[in-house]
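Subsequent text provides structure tokens for two forms of one protein chain, presented individually as structure 1 and structure 2.
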Structure 1
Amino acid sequence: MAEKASEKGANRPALSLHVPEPKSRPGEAVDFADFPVSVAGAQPRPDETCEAIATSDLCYDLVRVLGDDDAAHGPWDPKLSSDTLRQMLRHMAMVRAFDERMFRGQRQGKTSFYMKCTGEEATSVAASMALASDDMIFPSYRQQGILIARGYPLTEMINQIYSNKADKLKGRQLPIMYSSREHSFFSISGNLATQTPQAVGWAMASAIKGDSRIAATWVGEGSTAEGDFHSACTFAAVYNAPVILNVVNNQWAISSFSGFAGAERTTFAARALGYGIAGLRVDGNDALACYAAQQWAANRARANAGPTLIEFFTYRAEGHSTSDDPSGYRSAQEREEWPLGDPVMRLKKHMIGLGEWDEERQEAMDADCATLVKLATKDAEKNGILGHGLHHPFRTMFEDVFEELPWHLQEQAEQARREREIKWPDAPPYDADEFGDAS
């Protein structure tokens, strides 16, 4: 076969397939020589209503505000009040404390699954703080920072993570797949990038109705390879939809580095240019740059000037989830020496530099966050933990598939009820109480 092929194309060079490979693997030294660290403050800030093409250079640059001196520089400095800065820092600290405790909770067997966002806190917290509280969020699965910034109660989050009897989603969803209409936070899917055309559709609806609210969606760099993302970009461009497409480039999609989504060839922000959308590439570990970019895009959308694609260049400091061990595929040195540092530490140092903060207050705040998370955890545990007790009546398994229960689901619900009596004979009778708790 090989011989035949070579005979056929003997006068032409042999082709070879390129399969991307990250620059380092476990145990290997990491070389950050090509790393795109730009000079903070050096990037121009065009008017929000500019032509999309005017953002071309910004798609290949890296918008940064916080410099190596921890001071804020340049036209992208959002010039936030010290109160706002403190709030931002506190939200980020709270997210980190929450992640720590939930990760441990999973290891202790209180739930099946958890996902930390360590190192990416600014991309959620700072960015969402630049939006109005009723702007609609279409999140991916690592944006717990948005819920926390919007004041969603920690106990509610933990109830969902534990799938317990107070879980508003009735134990139906994998942990961390939150939903809160009250906080303009869309139900999280487990399928990737599906939220992106949905965000565009929501934004189109808002524009159809002459509403003033905009939509923003978050998606990982890995899942920008999904067709949904390209549909979203096309629809956003075609209808000039008031939407922000946030791509969190945390370098890793489970074990696949960003090269498998095309990062060896161009930036994710540059995707915007082909669609005629404004694009910004932003230091995702610089909370002020994250805020400023989101604010720019929100202003643009509100002015009917169209959508923006923002790439947050950041690093997933932890594993993909509690089911993942990154030591099996990447060098530990990447995290230790990540050239863009840690978003919490950078903001903290900036505020210390401003004279608005100090190490003592930081320590006190961290302790306070840990205490609040602990209290919320204890509260949630009163409602049960996963696998200990039947937290939800079996009928809830069949409800909400349709608005009304059709005959075939009624029959299947009856089957489940019969099985319950056999499998859990000591449990209280079906529907004896609202939660049917057998623990």
Structure 2
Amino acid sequence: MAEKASEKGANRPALSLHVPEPKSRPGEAVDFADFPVSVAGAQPRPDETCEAIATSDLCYDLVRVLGDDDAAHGPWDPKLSSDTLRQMLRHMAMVRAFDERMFRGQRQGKTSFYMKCTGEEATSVAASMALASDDMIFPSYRQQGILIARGYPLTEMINQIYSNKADKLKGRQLPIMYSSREHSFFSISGNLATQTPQAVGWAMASAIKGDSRIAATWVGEGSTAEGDFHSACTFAAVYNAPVILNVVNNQWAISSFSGFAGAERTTFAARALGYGIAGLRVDGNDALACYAAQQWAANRARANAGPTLIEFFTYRAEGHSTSDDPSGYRSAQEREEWPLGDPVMRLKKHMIGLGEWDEERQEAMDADCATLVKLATKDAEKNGILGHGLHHPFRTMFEDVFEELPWHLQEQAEQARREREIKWPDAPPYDADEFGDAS
């Protein structure tokens, strides 16, 4: 007789399920004593056209250039000019000033939503500066530094955040989800990880055309659990796509710590090895290391040596967004105790050590950035803020989707125009084409 289901395996040890849990929660002490901080400059820099397997050790180590003495060390030092370093520091300071004012604007009710990148500025600013200006960017929602580094007007960014009448995206995107064809910056999507297969596909198309432009995409460590990310890795490996997959590991995906995406088992850079892709794990708060790693990967892609997956190991110093309160799920001490420091402060100290900077110039630059952001904000506010009625005409909801407007949408446009006339008979008429040609 077959055993009853309840009796099967009765003499075997019971199975248990592991649920990831961060080391500290609100009210608990933070201890990073066992955090493995690699020695700056100790990591080898393989040839950019090496076999992917040659990067294995670099998937578990941490590529660092800036040491505790604030000096640059080792073969990964990109040896940037003083002018480039000053430009990098200014872009990072501008991002921080921009974030501060937009956060304040959201609290004042001028926009519905905002996301800061405090503590992660180097992963976008320094990394993107290592790319060509026309290399295609497929960003996530915390890469405002790339647009700022590429010279996108601050006023245009704020128009989009306010979804006002000057918003080039016509109020259709959630605030901070920018897009700029002129700056090779693909539209940000709120659907996580969709940008990764898009970046790989674009890179494949560039290679098919025999073009020289590569693609780079940014994704959070939590989003690497999405199927799209793994599809992107498969296609990138199979077709040797000229693409860089940047994983920003800031330790937290909203309120879930990185362990839920697999960080307890291995590094995110190590995922590259299973696909036969080159991988690098980088100190994401070291601007020089971020630049050097991105430059290495870009040169590799241009040499048709294949894609690279870079894990930028950093820390989200503030909330996930203006809708989030991090004090509800992590210790308030984490930001101060984070062992890799602040990227802006580290670059500033490095430049002071070189004799190319000082505290007075830093203070003046910070004040100048704050002033420029304030002026841009005032300029954008002339076009409207949340709830003030200055937005794109209603008819624009029917535009920019179809080359020729389908008959049913033409009917809806006409119906909307008639209902407006009935509801507000005394309102001034729209222009003749306010709802498009609905004849």
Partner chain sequence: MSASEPKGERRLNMIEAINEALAIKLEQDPDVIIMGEDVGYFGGVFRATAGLQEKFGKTRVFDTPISECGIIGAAVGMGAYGLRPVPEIQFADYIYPGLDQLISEAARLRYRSAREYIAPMTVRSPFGGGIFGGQTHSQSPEALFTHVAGLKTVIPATPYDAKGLLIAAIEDNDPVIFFEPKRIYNAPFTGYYDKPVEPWKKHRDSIVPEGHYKIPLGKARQVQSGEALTVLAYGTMVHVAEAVCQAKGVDADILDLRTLMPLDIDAIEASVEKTGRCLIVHEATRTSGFGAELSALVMERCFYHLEAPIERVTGFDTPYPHSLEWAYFPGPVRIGEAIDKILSE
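The first residue in the sequence of structure 1 is number 1, and each one after it adds one. We call the rigid core whatever largest set of C-alpha positions still superposes within 1.5 Å between the two forms. Bear in mind that the values here come from a model prediction, so they are computed numbers and not experimental data.
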{"property": "Form predicted alone - structure 1 or 2", "result": "2"}
{"property": "Threshold 2 Å Cα movement between structures 1 and 2 at residue 21, rigid core reference", "result": "no"}
{"property": "CA of residue 413, rigid core aligned, shift of 2 Å or more between structures 1 and 2", "result": "yes"}
